[in-house]
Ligand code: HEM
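Okay, here we've got a single chain as structure tokens, the form predicted on its own, with questions on binding and movement later.
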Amino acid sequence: MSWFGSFLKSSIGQKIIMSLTGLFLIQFLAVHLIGNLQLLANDGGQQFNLYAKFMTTNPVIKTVSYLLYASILLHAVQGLWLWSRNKAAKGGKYAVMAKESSTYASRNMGWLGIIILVFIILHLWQFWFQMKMGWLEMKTYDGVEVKNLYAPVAYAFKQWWYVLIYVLAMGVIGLHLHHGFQSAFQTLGLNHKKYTPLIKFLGTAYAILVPLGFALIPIIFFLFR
């Protein structure tokens, strides 16, 4: 086996893969939030539907989307593998000390990750799958024909139970991001006494503002649309 193959199978190699895929997904969340904010335009869904068409037809975006799907799967598999391995390795006094010095999110990253993965699967089934299967009605804006993805989104955001699940999922994602953002930089060896406080601040701000932005969209829909 080559040194690269051995590195990828090692614990540090697995953690680096987790960090790189995690940072990629963190960037995607910001872009996804910008797209979702189009839902708040008071235009019957035109802006959001045109955005959705661009994201699903642009060849560059479509290529990046395949990388995104692969990153989600790889991040989930690697995360669960590392979590189970760490749980099996810890015990006795070390486990007690680790628990006392760690945060809730760091101790429960595996469970938080599982909840997020289930939410992503349900989310994809609810919206992405319907769009890909051609089950949506068509709309035409200035001669441009698009799939009306806005309709199922607006319907879902008017259901109190779906809004509740969505908001709770955003809370879980916030906890996951708060630990994962800082942990990724640490794993990649980018810690420095001069920059670490800034990284922690940005990580905390990101973990609050991005999930909050996502959560506010269905709340606004439910209360005011």
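In this text, all values refer to a predicted model and were calculated from it rather than measured experimentally. Quick note: we count residues from 1 along the sequence shown, nothing fancier.
Just so you know, the form predicted in complex with ligand HEM exists too; it's not on screen, but the next bit is about it.
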>> With the partner left out here, check for me: in the predicted complex, does some heavy atom of L149 sit within 4.5 Å of ligand HEM?
In response: no
> Quick one: is L136 in contact with ligand HEM in the predicted complex, heavy atoms, 4.5 Å cut-off?
Replying inline: no
> Given that the partner is absent here, does H176 sit within 4.5 Å of ligand HEM in the predicted complex, heavy atoms only?
Replying inline: yes
>> Can you tell me if M131 lies within 4.5 angstroms of ligand HEM in the predicted complex, counting non-hydrogen atoms only?
In response: no
> Exactly one stretch in 138 to 146, 69 to 77, 122 to 130, 151 to 159 has heavy atoms within 4.5 Å of ligand HEM in the predicted complex; which is it?
Replying inline: 69 to 77
>> Going by heavy atom distances of 4.5 angstroms or less, which of V31, I26, V167, M55 would be at the interface with ligand HEM in the predicted complex?
In response: I26
> Candidate spot Q47, L50 and L216, all three in 4.5 Å heavy atom range of ligand HEM in the predicted complex?
Replying inline: no
> Can you name the residues of 159 to 184 that have a heavy atom within 4.5 Å of ligand HEM in the predicted complex?
Replying inline: H176, L177, G180, F181, S183, A184
